[in-house]
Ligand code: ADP
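Starting off, we have a lone chain in the form predicted alone, written out as structure tokens.
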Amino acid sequence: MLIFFGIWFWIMRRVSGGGAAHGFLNLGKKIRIKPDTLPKITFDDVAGAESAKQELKETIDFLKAPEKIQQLGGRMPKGVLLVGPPGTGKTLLARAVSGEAGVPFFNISGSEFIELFVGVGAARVRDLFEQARQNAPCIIFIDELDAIGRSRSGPISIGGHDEREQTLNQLLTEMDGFDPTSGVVVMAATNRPEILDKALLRAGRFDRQIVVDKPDLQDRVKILQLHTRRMQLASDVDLDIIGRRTPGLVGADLSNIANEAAILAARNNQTEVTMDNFEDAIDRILAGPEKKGRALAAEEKRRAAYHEAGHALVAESVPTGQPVHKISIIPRGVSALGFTLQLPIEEKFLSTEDELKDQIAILIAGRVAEQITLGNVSTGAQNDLEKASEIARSMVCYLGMSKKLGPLTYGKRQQLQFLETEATETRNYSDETALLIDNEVKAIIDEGQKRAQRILTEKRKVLDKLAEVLREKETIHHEELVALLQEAD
């Protein structure tokens, strides 16, 4: 029996990590928060997000001089929630707040609270706030708050769901109970605010919710200036053009583009990073890496050239089309055999009905060009048709741009606010209305196809010339395209 007891005791020590003090499977293990050891950063190291910075500066003032608000009978906010898409700099802003305030910064992930057994997460939350009070004034930053702050509504289950719920309950209790004059500010970040529990978002817990959205054109240029300040840039590098070429990209993407450009320059043994390096880096990020080993057959290359030439020619012909910056038939990524890149003249946040119809005509133009010149169509227009159909259906169902159906919305769309995922749609209309919707969507697509066919038929010689040059050079820039159009006129 002593032998069996010794074996059992040895196994328990190995399973518990070598110490009986922590118990079976480390149930008693606590979170030991440590101050951030990374170099201190300030708001000067964060480009863009001016509105978020302004709101966070007040939090810094409260941390530096809490008596300023206390004399007026107010209190400093208990919690600040940063919401926004991934890669917009939420964690960087939180670190900048601690750097500006000169207080300890404790960075913890929400998943660190969750364990297999119920009760461990709640104990860790108690331990976290106890240590924070001992280090006050300080900032606690909980990244990915949705890991423990998910809404408690829904079907009741056991296991991990119950553990997450108890952890959330303890977090709510701690935030509601600690003294706001203690100098402890809880900051958290999430890109899924719509699934957080309502009790977590009420006043008295996360008093402030700050949106850190995708940068606009000016902010993108500032971010590029920040990430290229230590790079050896050539005289032809224009950050304004790079910023206009990257609409919708976040700070992490822009940082990756600058780094990719430097890698390409080093690969070519250059002493400076040129504009061509940045162009190649953007193409690599947006369209995928260049497939140099994939050689197109002569007929496929001809078809791809006419396809992309059709897109470019209609884009330059419709009234609201954005200027074509680059056309390429070099295979990239998994299945892209070419692309036509348009460069917006100015940053826009709204689209009119005419602009959407022009966009549909541009998308359909590649398929129409194949039909006019080669007599048939190919599978290369699949993505174009998907985008055109989505725009047309949105015009009819959600934007009220159908004369027959009127200014109403049809169907309820549920989509995550900051994550680019496919939306789920709930149908709330009859079969007769569904038939009308299908007919209206088809009418919009047919109208765009006829417009593209009319433009390309009238400019058939320009289409042939553009496709021929594209087959020879494989890539055409804006200046060459304008010269070809002027020569044809």
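The numbering used is simple: start at 1 and walk along the sequence shown. It should be emphasised that the depicted structure is a prediction, and the values quoted were computed from it without experimental measurement.
Beyond what is shown, the protein has a form predicted together with the named molecule; the following relates to that form.
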Per contact check vs the named molecule in the model of the complex (non-hydrogen atom within 4.5 angstroms), the hit among 86 to 94, 390 to 398, 199 to 207, 314 to 322 is 86 to 94
Identify, from the list Lys78, Lys301, His227, Lys214, the residue with a heavy atom within 4.5 Å of the named molecule in the model of the complex.
-> His227
Which of these residues, Ile60, Leu456, Ala47, Ala52, gets a heavy atom within 4.5 Å of the named molecule in the model of the complex?
-> Ala47
Exercise: Leu172 in contact with the named molecule in the model of the complex, heavy atom 4.5 Å | no
Might Ala234 be said to contact the named molecule in the model of the complex, defining contact as any heavy atom within 4.5 Å?
-> no
Spell out, yes or no, whether the shortest heavy atom distance between Gly110 and the named molecule in the model of the complex is within 4.5 Å.
-> no
Any of the heavy atoms of Ser255 lying within 4.5 Å of the named molecule in the model of the complex?
-> yes
